[in-house]
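What follows are C-alpha cells for two forms of the same protein chain, given separately as structure 1 and structure 2.
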Structure 1
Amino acid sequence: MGETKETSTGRVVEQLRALILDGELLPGERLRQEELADRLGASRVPIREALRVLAGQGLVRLVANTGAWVSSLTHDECVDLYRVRERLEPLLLEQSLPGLGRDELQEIDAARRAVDECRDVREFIALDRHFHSLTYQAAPDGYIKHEVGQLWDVTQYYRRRFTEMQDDRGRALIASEHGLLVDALMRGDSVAAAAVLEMHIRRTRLALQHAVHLFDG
C-alpha cells in the first residue's frame, strides 16, 4: 500500500530535518524544490508542504514568491538564544527530576559515559543531545519542552562548529560539568542540578560571545 499524502509529507519533513541538523544542508543555503524532490525521491507537493512545516519549526526561512533557504543566525541572535536556554532548561530539568527513577538515572549515566568517550564531532553532537534529552524525559510534554527542543534544533549547526574548536581542556570541562549534573540528579537535588545546568549553558554562551568568527559567511 502506497504512502498517503500525510505520511509522505511526514517522511520528507524528517528527511529534510535530518539533513539540516546533520549539516548536509547549511545555514543560508537555497532550497530548490526540484532538486530536493530528486534527492529525496518525492514529488514537489510533499516537498513544498515539508518546507512550510520546517519554517514553522525555525529551520527554514520562506520568502513569499521567492523561495526557501536554510535558516541562519547572526552572532547576536545565537547568543540571545543561549540566554533563553539558560533560563528554560533548568526549569525543564526541575520538572523532569521527580519522574526519574533508578532505571532512568542509570541510562543517563551510561549516556554521560558515552559522551565522555566520544572524539568524533558529529557523533558527539548526537550523543550530547541524547544525554540531555534523557535528563528531560520525565518532564510534561508542554510549552517548555517544545521550546527547548526547537532551541536545540536552530542552534545545532553553531553548536557543532563550536565543538570542532574544543581542545582537550574544553572537552574535560564538558565531562566535568556532565558529571556534576549526573551527581546532583542521582542525589535528587533539583536546586543543585538546575544550577549546574545553568552554569553549563552559560559557559558555552560566554564562549560564543567571543567566537564571532563562527558566524562568518
Structure 2
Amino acid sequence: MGETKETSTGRVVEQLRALILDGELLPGERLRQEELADRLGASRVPIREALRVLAGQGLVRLVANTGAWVSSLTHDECVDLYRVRERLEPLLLEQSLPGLGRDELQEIDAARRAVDECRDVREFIALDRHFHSLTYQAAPDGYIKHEVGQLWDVTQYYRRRFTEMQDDRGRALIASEHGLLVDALMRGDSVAAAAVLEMHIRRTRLALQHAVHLFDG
C-alpha cells in the first residue's frame, strides 16, 4: 500500500508552502509562473493549479489577469486569526486528550523541554509548533485539525517576527503556560487543558495587539 503516486501539482504545492513557511519567500513577494516553473521543474499548468490551491489556503493572493503574491496580513487580520485559534484549538485539544497515552505524553513533555531550552528564533518556531502538534496528534484527522494547521501556516511569518522581539519575561510566561498545559494533559483534565490553552493563545493575541510595528500599512 505504498504512497498513491503524487501529482505534480501536489508536489509544487508542498514545495511552495515550504518556501513560504521557511521564509525564503516573503509576504508581498511576487510569484511569477514561469520563474516558478523553472525553479521547481514543472510546466506552468501545475504551477497555476498550485497557486490556486495555496490561494485557497490563504498563503498566496491571486489577482485575475495580473499575478500572484505571497500573502501578507494586516495587524487586524492577524489578531482575528488569533481569536479564531482561541476558539478552535481548545476544541481540538479536547478531541485529542482522551487518545493520548503514556508514551505520547512523555514525548510531549520532551518537546516542551526542547522549546524551553531553545534560544534560536527559527528553531523556536519549529519546536513550538511541533510541541502543540503533538498535543493534537490523537485528534481525528478532519476539518478542525486541517483548519488549525492552516491558521498556523498563514501566521507563521508573523509569529517568527513576533518571537524575535520577545524578551526573557515573555519566554518565561510561555514556559509556564506550556508547563501548566502538560500538567493538565497528564492528569487527563481536559477542562483545565482547554482553559490553559485558550489563555495561552489569548495572552499572545493581546501581546500581538501591541506589536503594531510588525505590520506594514
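Here, rigid core means the biggest group of C-alpha atoms that superpose within 1.5 Å across both forms. Every residue number counts along structure 1's sequence, beginning with 1. Nothing here was measured: the structure is a model prediction, and the numbers come from that model.
Between the two chain copies, the one drawn from the form predicted on its own is structure 1. Fit the two forms on the rigid core and the C-alpha of residue 46 turns out 2.5 Å off between structure 1 and structure 2.
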